[in-house]
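Shown here is one chain on its own, the form predicted alone, set out as structure tokens.
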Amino acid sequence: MALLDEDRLFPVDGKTRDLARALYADIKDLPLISPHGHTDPRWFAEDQPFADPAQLFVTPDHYVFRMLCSQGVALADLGVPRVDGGPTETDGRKIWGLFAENYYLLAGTPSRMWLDHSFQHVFGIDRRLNAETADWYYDHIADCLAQPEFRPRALFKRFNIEAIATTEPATDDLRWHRMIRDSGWNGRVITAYRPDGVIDPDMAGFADNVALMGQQTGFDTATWAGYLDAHRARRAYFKEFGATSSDHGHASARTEDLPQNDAAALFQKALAGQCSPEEADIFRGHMLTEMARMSIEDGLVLQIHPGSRRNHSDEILRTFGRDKGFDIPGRTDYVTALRPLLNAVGMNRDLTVVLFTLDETSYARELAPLAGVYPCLRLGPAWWFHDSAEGMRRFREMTTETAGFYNTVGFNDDTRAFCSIPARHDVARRVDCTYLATLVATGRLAEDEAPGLAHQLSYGLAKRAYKL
């Protein structure tokens, strides 16, 4: 019995469903453009087998273990490592068994659809995961992972990935990207410049990170001019390894455009660890504008990922560290917050700024009107907690009337879970085809226009926006 319905996510109405099916059939096998994500470049550099099913599907995936945690399952029992090196479960079969016993908790979630897609299409499984089938699943997947065709590079080709971007800190040495390049493999794995650790005075080790960036570039990062030059040098270094974008995960979308003397003085306070919370926020905001100016110079697409209240649980942060499922969405202002940056560079056609949000209330009120008029702005896809069929539908319904389709950037999967990449793109393609079919069926789009738009939403817009 197939785990997935062939008509999943298509309309119930017969005529509209037929339209959606036809659109989907035309674009379902297009190559995958994955311009923003968090897969590990080491996988592709070393091309070693994945360790076991638990390490592939459970331990690294906060979408999975946060749900189990909400029902009282301990992260340590799922193999999530502690920052102090303390005891956690290391037996992959035990971790998998606990996951399987609690798999029912994911019913109705996008994670369930992604996982079932991976089980069925990647591993050829046709039975449901539960406590009774746990060992069979584990053995079957483990046997597959031991075969050459399930190594990272082989799966990359099988998934029909045309290009995938990883995300590295500004001070990363990019050794794995160098190893990929030197290997002669033709898979396109590129990096993206993530400078939060050298831009955010509130991040642990900020001053040390800035000093390291100075050592790497030869610029005196104890000075404002040297600090900016070091950023330019690191961005150029990342471009050598294929980077076409920078990525900024700030708590808010705040931007500032300070006089250079004021920015230099604030930078000195940041280095000395003397910034107030408000001053740190001002500095982050000013640096977004500086990054936008640098993007005009070097062509990197500027991605802004604001609105996550990160590490909500002090206990989890203290025990397990960052990115452990306790980042929570918050209200985000864009109209006021982005105005300094947009007044400085917003009309420049050589700049592309991709805006993401975790605040759906901003779609129609703020984001679509902004992207619908400023030449530099594009809207990123429904992201993170809204990377779901309903989230994608709401995004299209609330933004298209004002921003259109061509002020968006298609889909990107933003994932650490490698096997979920084709699943996530499949969901997005089905949802977009359904939306286009609905527009046709309700007389808002000519039927002969829909196939071209389906192609753009699935492939063309991402390729163009991210210069891939």
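Quick note: we count residues from 1 along the sequence shown, nothing fancier. A quick note: this is a predicted structure, and the numbers were derived from the prediction, not measured.
Another form, the form predicted together with another copy of the chain, is not on view; read the next lines as being about it.
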Answer key, another copy of the chain contact in the model of the complex at 4.5 Å (heavy atoms) among 211, 373, 134, 155: the residue is 373
Taking 4.5 Å between heavy atoms as the contact cutoff, choose which of 407, 39, 59, 420 touches another copy of the chain in the model of the complex.
407
If contact means a heavy atom within 4.5 Å, which one of 410-418, 28-36, 63-71, 48-56 is the stretch that engages another copy of the chain in the model of the complex?
63-71
Indicate whether residue 366 is a 4.5 Å heavy atom neighbour of another copy of the chain in the model of the complex.
yes
Are any of the heavy atoms in residue 226 no more than 4.5 Å from a heavy atom of another copy of the chain in the model of the complex?
no
Contact with another copy of the chain in the model of the complex for residue 277, defined as at least one heavy atom pair within 4.5 Å: yes or no?
no
Would you classify residue 319 as touching another copy of the chain in the model of the complex, given a 4.5 Å non-hydrogen atom cut-off?
no
Within 389-411, the residues that have a heavy atom no more than 4.5 Å from another copy of the chain in the model of the complex:
389, 390, 391, 393, 394, 397, 398, 400, 401, 402, 403, 404, 405, 406, 407
